[in-house]
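The chain below stands alone, shown as structure tokens; this is the form predicted on its own.
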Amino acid sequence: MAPTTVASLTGNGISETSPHVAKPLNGSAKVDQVEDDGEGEDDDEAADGVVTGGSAKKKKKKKKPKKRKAEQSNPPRIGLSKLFPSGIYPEGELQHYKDDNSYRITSEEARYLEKQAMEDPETTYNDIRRAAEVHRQARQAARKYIKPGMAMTDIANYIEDSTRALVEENGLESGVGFPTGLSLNHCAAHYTPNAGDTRILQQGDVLKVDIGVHVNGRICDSAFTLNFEPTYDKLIEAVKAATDTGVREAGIDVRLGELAGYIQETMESYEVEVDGKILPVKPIDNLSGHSINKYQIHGGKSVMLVKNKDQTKMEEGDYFAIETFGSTGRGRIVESGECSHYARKVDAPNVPLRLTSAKSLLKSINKNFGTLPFCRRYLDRAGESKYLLALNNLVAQGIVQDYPPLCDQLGSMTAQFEHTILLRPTVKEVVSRGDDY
């Protein structure tokens, strides 16, 4: 989702590291096998045992039932538990650690620690993988569905209805992880349509689709960019490559400032030709990726997009959204436009609320979202009405954080790609990886 907005820091001298080969596993998950309904293989004798021409009537043999894979509907409405009745969900792409951490793939101690973690339901990876598989299926359907001429509200509803059905939404146990981002053109992030928004997707638009899914507060956060004519293909290619670089170079003990340098170097190696003019692709220097905590989309660590002096290290067990943004404009965003995204602060102050409506709205937010991000459409869906005064009061009191749209200069184009990674003791798992990206 929701990139972290950060102050710009820059540095010099980006060193290039040699790439390594990733080991893809179950990028697009296979589902458990189920059998067709049908009778068994028992042989039945022909009726009456009639003899004709000196030979008995042949016994009829029933065909063996064929095994088939359970298939998702279109649009996706079959809950994942029906496709994976075992309750075990596919791993993402596995990438081995590099350099000083390469021993981890064979370390008995690391494997023991990972086994211990898997035995504890609170720290199991299965919730993360379930959320990731929902994400893959929902986004792949959305990529086929989204076309110019559609209303932005219809696109958002299609994605969110698919997510809720697949994850089998159940209060704060499972559901949408944050409002579906559908930022267009110079807007890089934090736009989703509010009620009454009549905007229509156009042929020349560059659309960022940012989808979140959570299971027991474990959020899968991944995004991609769509265009419908080729002018900005290179922009999209640059940002996808930069995200893949960030994923590849991430790992235990990697310093965040150095990781940002690898991302910057990749993105700045691209150019875009628009109407005969060559434009550099710039990383947006005050946006960043971020760590993710349980029920908290921004976990405290930031992966910026330009090299800086941040010496903070990635650590074993960290869960990160590697998220990059590129622009043909300034490469810097400002808040602009009507706000749609909000979240109750994890460390919200305990302050007295004078407005009765604000007290009531906060109760509804706690019940329906907790500290997960939400938007105005979600309040409408929860049955709230005439809540803007109360919502603004909660923002003013520092209980709720507002997240307005983040935009580069008008006329520029921006793109986004994002993957969620888990730094396991033995291996790095790109949990959101799929056949599409």
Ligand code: 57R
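Because the structure is predicted, anything quoted here is derived from the model rather than measured. We number the residues from 1 along the sequence you see.
The protein also exists as the form predicted in complex with the named molecule; that form is not presented, and the subsequent description refers to it.
Using a 2.4 Å cut-off against backbone and C-beta atoms, the named molecule, superposed onto this form from its pose in the predicted bound form, places 3 or more atoms that close, and the site is blocked. Shown alone, this chain has one stretch from 336 to 344, 199 to 207, 141 to 149, 84 to 92 that lies within 4.5 Å of the named molecule in the predicted bound form by heavy atoms: 336 to 344. Scanning 387, 369, 378, 403 against the named molecule in the predicted bound form with a 4.5 Å heavy atom cut-off leaves one residue, 403. Site annotation in the predicted bound form: the residue of 297, 155, 362, 314 reaching within 4.5 Å of the named molecule with a heavy atom is 297. The closest heavy atom approach of residue 286 to the named molecule in the predicted bound form falls within 4.5 Å.
Put simply, residue 212 is far from the named molecule in the predicted bound form: not one heavy atom of it is within 4.5 Å. The closest non-hydrogen atom of residue 133 lies beyond 4.5 Å of the named molecule in the predicted bound form. Though the partner is left out of this view, residue 331 does not reach within 4.5 Å of the named molecule in the predicted bound form, counting heavy atoms only. Taking the named molecule as positioned in the predicted bound form, the residues of 307 to 330 that bring a heavy atom within 4.5 Å of it are, in sequence order, 323, 325.
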